[in-house]
Ligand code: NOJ
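As a starting point, one isolated chain is supplied in structure tokens, in the form predicted alone.
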Amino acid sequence: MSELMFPQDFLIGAATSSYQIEGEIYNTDWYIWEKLGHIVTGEPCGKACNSWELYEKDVQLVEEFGLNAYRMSIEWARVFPEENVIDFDALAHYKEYLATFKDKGIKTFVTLHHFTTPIWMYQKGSWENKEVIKEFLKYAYVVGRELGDNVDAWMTINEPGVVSVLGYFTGIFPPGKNSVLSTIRVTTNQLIAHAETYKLLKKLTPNVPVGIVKNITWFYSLNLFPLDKYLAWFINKLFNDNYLRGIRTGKLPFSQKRYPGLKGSIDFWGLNYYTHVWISQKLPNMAINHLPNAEKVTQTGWEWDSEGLLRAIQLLWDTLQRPIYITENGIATLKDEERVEYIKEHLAQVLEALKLGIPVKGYFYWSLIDNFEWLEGYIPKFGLAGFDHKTFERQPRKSGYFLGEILKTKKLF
């Protein structure tokens, strides 16, 4: 039993993203990526978990598990299916979805961009085209105006480093480019879009906190070769430091130029944390997630590194002292008892952070339900619940109830 208990106002919830659970979203860059054959299984996202129609089932899951918070995203391509065309029916659907949580007293954390970009913006260069800033602000304005009354916290962009590095440097995500200059342009546009969206949402919904979701991954050189050590440093710069430096100082990537309003443009940090990565120029895609002698490895090949979560929390706190929410942390596994152990190990690190006086305000497990896991398709099982791919019946797991029990008792056991 832990000596330290979680605060009474601590949030414990589960996270999802629109593209991964809603289903039948065919006007995004990721649908194009699927059609080009980049999914390991060859299986498209399709109807996913059919949450667009069955969202009430997901609300029931959150309530049944005894959680008090839920993180979700809005699909830009649903709200703006075409350039300058707003789908008010989609907005009404999201409003109803959010209101259902509110009626049950469950806090909602809403992300505006979770990897996917509308086809019409993708065809114009997506995040590499600085026009994306203006278009993203149009979208944020409409969402903020229409949905703000039912939102407890906003997050502008989820894991911007994944979009920039995997999409424009390693090329395994759309649009599949391999360019340092493109990666820097994307990062610059993301930071400016974030800063402007922060300012916009603070005007539209002044009482709703606004943050960004940063995935902290630790990058280690596989060996002592100078080139590999430099490569690990450089990827860390692209993936982590450019964003942290930008929000801390207001400076844009690889520049001394400051963008007005960027410095300090968060009310809280959203921290996604999973693992570390080993870097070498001789590796496929320059990276592997675990060494051959790793003791604990997930279904996705990621090594458990729970202590890395505490270091990630400390990094964000040292960068800019704002409250922190763990907005994603989870394990792909076929063994639910392993999922329970994973949750315990990582929440123990959150308690250590609280002991140090760092204001960690909540923990969202990834994910509420097994879903479409990007390049890996439907193979990884991250969910607190599974689902039947034919009937879409939700299949709750013991780990979900375990998480709810922690919230109820405010302690690990």
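Only a predicted model underlies this, so the values are computations on that prediction, with no experimental measurement involved. From 1 onward, residues are counted along the sequence shown.
One more form of this protein should be noted, the form predicted together with this ligand, which is absent from this view; the next part is about it.
> Tell me, which of Tyr274, Tyr325, Trp76, Tyr94 has a heavy atom within 4.5 angstroms of this ligand in the model of the complex?
Replying inline: Checked against the cut-off, the match is Tyr274.
> Of these, Trp317, Trp218, Trp302, Tyr141, which has a heavy atom no more than 4.5 Å from this ligand in the model of the complex?
Replying inline: Going through each option in turn, the one that passes is Trp302.
> Taking heavy atoms and a 4.5 Å cut-off, does Glu373 contact this ligand in the model of the complex?
Replying inline: Contact with this ligand, yes.
> Is there any non-hydrogen atom of His114 lying within 4.5 Å of this ligand in the model of the complex?
Replying inline: Within the cut-off, so yes.
> Should Gln20 be classed as touching this ligand in the model of the complex when contacts are defined as heavy atoms within 4.5 Å?
Replying inline: Flag for Gln20 set to yes.
> Using heavy atoms and a 4.5 Å limit, would one call Glu196 a contact residue for this ligand in the model of the complex?
Replying inline: Glu196: no contact with this ligand in the model of the complex.
> Exactly one stretch in 285-293, 266-274, 185-193, 117-125 has heavy atoms within 4.5 Å of this ligand in the model of the complex; which is it?
Replying inline: Partner-contacting stretch among the options: 266-274.
>> With the partner left out here, which residues of 147-183 have a non-hydrogen atom within 4.5 Å of this ligand in the model of the complex?
In response: The stretch touches the partner through Asn158, Glu159.
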